[in-house]
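What follows is one chain in structure tokens, specifically the form predicted on its own.
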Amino acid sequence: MQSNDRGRPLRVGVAGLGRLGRRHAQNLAYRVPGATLAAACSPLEDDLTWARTALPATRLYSDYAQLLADDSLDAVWLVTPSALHAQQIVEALRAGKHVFCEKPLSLDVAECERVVEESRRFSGQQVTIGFMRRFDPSYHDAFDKLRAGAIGRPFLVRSQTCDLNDPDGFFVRFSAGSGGIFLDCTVHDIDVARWLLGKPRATRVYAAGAVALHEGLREFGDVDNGVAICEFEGGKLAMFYASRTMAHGNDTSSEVIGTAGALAIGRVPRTNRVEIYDAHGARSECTPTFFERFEDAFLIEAQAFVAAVRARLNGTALGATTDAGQGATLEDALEATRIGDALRRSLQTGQAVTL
């Protein structure tokens, strides 16, 4: 970006216009100051048809290589299938683009390591992996309180990702390429646990699971409910629960236990602060999906990425930042995949896995 271009918006191209990709595209198009959605890409004509009506004047491509060849773009935003992430990040870096990529970095640990190594050649380019809970206001507040010593020394995280049951079985069809419940769902909890505990190294994991409702998962060696324990260096621990079968809605929460107290984030799932009292008792309504639960986090995440890239392009610093204000790095994503892959192997073998 030349000096006379420093005031212009960051020009971003989104690759992937599925359920989540459309949310990201609309955020970048309408809700992120300092950015403009300049292009979008999908191999599916239905996605491109949607984009023509739902997005502003945006160049549309059916091929990722065409998107990367667009010299006007400063950054690409990847919301593509997980198996494509690693190579697409490398190709984007080689094309001179800054990169935001949805989680996971890859389903394969060796591929993650390859991307981390390749990225070292492009230290001037921003790469962020989409672990959006780091930007959720409640998780952010918990992080700050932990760093201020509010509960003494934190040593245990209990965290869960539980989705509303989908009787249509979308995730069953998706399971062949998802990496299984721990790499698809629990990877968020893994990142949260490492982030809140100060990024300790994992040493051993154990996982177990059950098929409670969706028998089709057995074909892929997957489960619809899984539990896991992760041991970290220094005596720190994490306990994880993942479910695809919640009757009441998305139920995502975390708890951090320290030597002088505990912090709970989202323990009671609810869409707002309204409580209903009637013949059925007292209750609050739940968020139906993770879209609604983390709507603010997705937006703040996008704003933070754009601010970070603009600072790099302008040759300025963002000022004092902490991990509470930054997205997950490639190294963070590598560790999340390493742990998630070990949990998958533990589930398959019934044995603890040492890392």
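The first residue of the shown sequence is 1; numbering continues from there. As the structure is a computational prediction, the values presented were derived from the model and not from experiment.
What comes next is about the form predicted together with a further copy of the same chain, which does not appear here.
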Legend entry - Selected contact from L55, A39, L330, V306, since only one has a non-hydrogen atom within 4.5 angstroms of a further copy of the same chain in the predicted complex: L55
Legend entry - Option touching a further copy of the same chain, based on a heavy atom within 4.5 Å in the predicted complex, out of D108, E118, E231, D166: E231
Inset, instruction - Answer with yes or no whether Q87 is in contact with a further copy of the same chain in the predicted complex, where contact means some heavy atom within 4.5 Å. - result: no
Inset, instruction - Flag L67 as yes or no: does it have a non-hydrogen atom within 4.5 angstroms of any non-hydrogen atom of a further copy of the same chain in the predicted complex? - result: no
Inset, instruction - State yes or no: in the predicted complex, is some non-hydrogen atom of G315 no more than 4.5 angstroms from a non-hydrogen atom of a further copy of the same chain? - result: no
Legend entry - Exercise: L146 in contact with a further copy of the same chain in the predicted complex, heavy atom 4.5 Å: no
Legend entry - Location of a further copy of the same chain contact in the predicted complex, chosen stretch of 192 to 200, 168 to 176, 271 to 279, 125 to 133 [non-hydrogen atom, 4.5 Å]: 271 to 279
Legend entry - All of N27, L237 and A262 within 4.5 Å of a further copy of the same chain in the predicted complex, heavy atom check: yes
Legend entry - Stretch 194 to 226: residues contacting a further copy of the same chain in the predicted complex, 4.5 Å heavy atom cut-off: R204, Y206, A208, G209, A210, V211, A212, L213, N225
